[in-house]
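There is one chain below, alone, in structure tokens, taken in the form predicted on its own.
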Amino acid sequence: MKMDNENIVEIKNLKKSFDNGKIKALNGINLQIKKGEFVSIIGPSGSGKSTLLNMLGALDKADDGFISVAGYDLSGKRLNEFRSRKIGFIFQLHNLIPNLSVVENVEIPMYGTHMPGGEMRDRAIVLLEYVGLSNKINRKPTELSGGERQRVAIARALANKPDIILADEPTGSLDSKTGAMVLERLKELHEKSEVTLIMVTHDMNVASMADRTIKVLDGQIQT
């Protein structure tokens, strides 16, 4: 996919610590990501890569520094609006609600958009068709395979037509064949749309699919 010259992510001297400052998860991160780029973030356990992804999704706030994503200053107060309109999340363990049907899980991000219920259902069905699960819309997540559940998570992430997809180890709990299928779907999504894809992984084979790979070590980007 052709990238835009515009930066969709701007980070300057970003710092984040835990345990009263004893653990420096991010220690002066500087980063720019262009609109439409596919970026993989790699690094060993505890390097800060997942913390960085959480900061990009406004799941946590910085101790210091500047972070702007899709035009939103993430030190501001409109973070719920930002998360619902601009970001789609895909987690390693999919985080589906087990007592809801597949189609109901995909509808969840649309609840705060004031979209009529019928339109929500129609869009959820279209997205499930896109990920190849049109015959499973009324199943519960417990009735699906691991790969199918992750494809539901992809559909849910696309519900509000986000500018950015954040994927945290999206194939980490899958076997190699199923993981490859999920990755191909994400790659296809990136190539056919204007979505920016930012993916955390520990697998260099997975990381190599991206336009650019960023290595994080001890809370800093390695150059």
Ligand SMILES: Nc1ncnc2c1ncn2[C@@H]1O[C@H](COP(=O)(O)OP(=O)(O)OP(=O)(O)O)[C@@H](O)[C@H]1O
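From 1 onward, residues are counted along the sequence shown. Note that the coordinates shown come from a computational prediction; the quantities given were computed from them, not determined experimentally.
Only in words, not in the display: the form predicted together with the named molecule, which the text now covers.
Put simply, of 51, 40, 160, 171 only one has a heavy atom within 4.5 Å of the named molecule in the predicted complex, and it is 51. The candidate stretches are 150-158, 184-192, 62-70, 23-31, and the one lying within 4.5 Å of the named molecule in the predicted complex by heavy atoms is 23-31.
Taking non-hydrogen atoms only, residue 176 never approaches the named molecule to within 4.5 angstroms in the predicted complex. The named molecule in the predicted complex comes within 4.5 Å of a heavy atom belonging to residue 92. Contact between residue 202 and the named molecule in the predicted complex is found at the 4.5 Å heavy atom cutoff.
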